[in-house]
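Below sits a lone chain in structure tokens, taken as the form predicted on its own.
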């Protein structure tokens, strides 16, 4: 009796825990609330396969219960042998044909959706972005626009944006659950997909392929704005003055330290700097482009965007993202020096079109 009660309690606790965890999540980081064409296609397939699997489960359980009740052993019939159906051709045809039909019902829409989402026949007419996956950050070059940025990908709503993806190191996977499906990012070949967001907003992206100790921290954002705001953002980024003097003395000191401590060897503060080619022969920039760093919503892709977190990142990036390529690439800095550099970076705000204006 105690054993039965104990199992019931465990089942009850796990059921409550499952219901509680089902309500956890981050807005704009779910495939169950599609806000883009690719995510909508995926959701249609999820619903189709769930309905079919649920139907199969219900039919099997009904047959199981009927069999359990009707053909159970009854008192006085211990030696009764029911009619055998072994070799029944009708049954064998039924349980062979029906699964084949169900597989086809799932496979055909899946294949059609796969080819649809991989169709790049209209790429030359629309926005194209070369995407570079790195441990553990993302780099974006807008083809034909002379614009480069990292971590935040700006796109216009209601328009397809073609992404040509390549890795500079290991295999990554580009995934923005709310607006698109996944695509592997390899070092040997360019994979192409397109994304399209219906509504303005900040959509969280993830690397969906285990790529090292900080794989789970390889976050990025897709900033969807109106076409008019997107054109304004493009114009602002194309007219960045990388030599502009910071607003205050602390930031000016930070700019000098940024240049003196080899930061410029890895990071650009000019949106047109350090061209990236879609091919394994060119690994692109070693560190993220920082042209619009002050406009971003996260430090290192994961921390709240404030000076304190930025200073912590500069002082000890390894404690935040183990295995990152920034660790050990510059001389040790004092707290004051790190704060000056942080002050300078937070002033890199070339545009009024930001994640906040998109509804972050």
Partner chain sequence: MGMTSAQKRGFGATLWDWLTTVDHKKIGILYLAGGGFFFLLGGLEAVIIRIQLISPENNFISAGLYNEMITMHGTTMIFLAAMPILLGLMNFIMPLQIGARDVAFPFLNSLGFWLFLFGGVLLNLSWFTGAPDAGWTNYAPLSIQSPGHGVDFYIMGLQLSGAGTLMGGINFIVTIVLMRAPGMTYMRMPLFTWTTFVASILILFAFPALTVGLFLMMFDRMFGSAFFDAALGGNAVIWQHLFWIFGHPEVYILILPVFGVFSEVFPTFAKKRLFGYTAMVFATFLIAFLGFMVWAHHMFTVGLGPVANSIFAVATMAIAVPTGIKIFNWLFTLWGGSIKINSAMLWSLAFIPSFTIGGMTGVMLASAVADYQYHDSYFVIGHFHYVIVGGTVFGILAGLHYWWPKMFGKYLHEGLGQISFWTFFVGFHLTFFIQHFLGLMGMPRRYWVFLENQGLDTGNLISSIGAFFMSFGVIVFLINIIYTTIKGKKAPRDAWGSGRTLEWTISSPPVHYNYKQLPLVRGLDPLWIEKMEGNKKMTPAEPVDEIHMPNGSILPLIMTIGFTIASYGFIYQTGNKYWLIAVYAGMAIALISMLTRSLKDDHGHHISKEELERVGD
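Take the two forms, superpose them, and find the largest set of C-alpha atoms that agree within 1.5 Å; that set is the rigid core. Positions refer to the first chain, counted from 1. These figures come from a predicted structure and were not determined experimentally.
Missing here is the form predicted together with the partner chain; even so, the following discussion is about that form.
Novice: State the residue from 260, 106, 249, 242 whose non-hydrogen atoms include one within 4.5 Å of the partner chain in the predicted complex.
Specialist: Among 260, 106, 249, 242, a heavy atom within 4.5 Å of the partner chain in the predicted complex occurs only for 106.
Novice: Which residue, 264, 143, 126, 118, has a heavy atom that falls within 4.5 Å of the partner chain in the predicted complex?
Specialist: Checked against the cut-off, the match is 118.
Novice: My question is simply whether residue 299 lines the interface with the partner chain in the predicted complex - judged by any non-hydrogen atom within 4.5 Å.
Specialist: It does not: once the partner chain is placed as it appears in the predicted complex, residue 299 has no heavy atom within 4.5 Å of it.
Novice: I'd like to know whether residue 328 contacts the partner chain in the predicted complex, with contact meaning heavy atoms within 4.5 angstroms.
Specialist: No - in the predicted complex, heavy atoms of residue 328 and the partner chain never come within 4.5 Å of each other.
Novice: Heavy atoms within 4.5 Å of the partner chain in the predicted complex: does residue 186 have any?
Specialist: It does: once the partner chain is placed as it appears in the predicted complex, residue 186 has a heavy atom within 4.5 Å of it.
Novice: Check whether residue 73 has any heavy atom within 4.5 Å of a heavy atom of the partner chain in the predicted complex, and answer yes or no.
Specialist: So residue 73 counts as contacting the partner chain.
Novice: Report the stretch among 250-258, 226-234, 165-173, 150-158 that approaches the partner chain in the predicted complex to within 4.5 Å, counting heavy atoms only.
Specialist: Contact-bearing stretch, as computed: 165-173.
Novice: Can you list, in sequence order, the residues from 63-97 that come within 4.5 Å of the partner chain in the predicted complex, counting heavy atoms only?
Specialist: Counting only heavy atoms within 4.5 Å of the partner chain in the predicted complex, the contacting residues of 63-97 are 63, 64, 66, 67, 68, 70, 71, 72, 73, 77, 78, 79, 80, 81, 82, 83, 84, 85, 86, 87, 88, 91, 92, 95, 96.
Novice: Checking residue 77 here: with the core superposed, does its CA move 2 Å or more between this form and the one not shown?
Specialist: Comparing forms between this form and the one not shown, the residue 77 CA shifts at least 2 Å.
Novice: Determine whether the C-alpha of residue 102 shifts by 2 Å or more between this form and the one not shown once the rigid core is superposed.
Specialist: The answer is yes; the displacement is at least 2 Å.
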